[in-house]
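So this first bit is one chain, no partners, the form predicted alone, shown in C-alpha cells.
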C-alpha cells in the first residue's frame, strides 16, 4: 500500500516506521526544516518532502494522486481537516485518516468532510483508562 503521511512529528514518524516494517511505501510531508532532516536520518526508507501539506502543489509533488491512503497527523485539527478534504475531494484518494487533537472538534471529522477514520487520542486514552478501572 502507498501511504502519504502529513505531519512528521512523533505520531507521523512512528506511523511511518510501523508502515515501513509492514513493507508499505511511505512518503511524509513535514513543514519544519529541522524535523525534515531528522526524519531523513531516523526513518530510513521513507520519502520526505518539506512543505505545507495543505498546499495542493506540495501534495502533488508528494505523489498524492498515486497513494491509497492519506494520514493527516499534524498537531492542528484545522490543518488535518483541510488535508483530508483535499485528499478525498480534490485528489480522489481512496481513504483519508485524520488525527483529532481536541476532543471537542470530533464532530467535524466525518465522511462528509472527507474523513474516513478519525482518531481522537484523548478519547481513546480516556476510554482505555476507564475500562482498566472496572
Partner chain sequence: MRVIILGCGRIGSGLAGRLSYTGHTVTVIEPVAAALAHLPESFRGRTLVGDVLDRRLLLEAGIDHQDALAAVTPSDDINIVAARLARLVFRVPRVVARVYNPRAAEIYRRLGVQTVCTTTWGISRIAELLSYSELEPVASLGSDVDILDVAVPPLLVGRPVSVITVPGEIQVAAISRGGRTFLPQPATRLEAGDLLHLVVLTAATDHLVALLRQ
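As the structure is a prediction and not an experimental result, all values here were calculated from the model. Positions refer to the first chain, counted from 1.
The form predicted together with its partner chain exists for this protein as well; it is not shown, and the discussion that follows is about that form.
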Counting any heavy atom within 4.5 Å as contact, can you tell me which stretch out of 22-30, 55-63, 93-101, 39-47 lines its partner chain in the predicted complex? 55-63
Against its partner chain in the predicted complex, would residue 122 count as a contact residue? Criterion: heavy atoms within 4.5 Å. no
With a cut-off of 4.5 Å between heavy atoms, is residue 82 one of the residues that contacts its partner chain in the predicted complex? yes
is_contact(residue 110, its partner chain) in the predicted complex, heavy atom dist at most 4.5 Å: yes
Residue 86, heavy atom within 4.5 angstroms of its partner chain in the predicted complex: yes
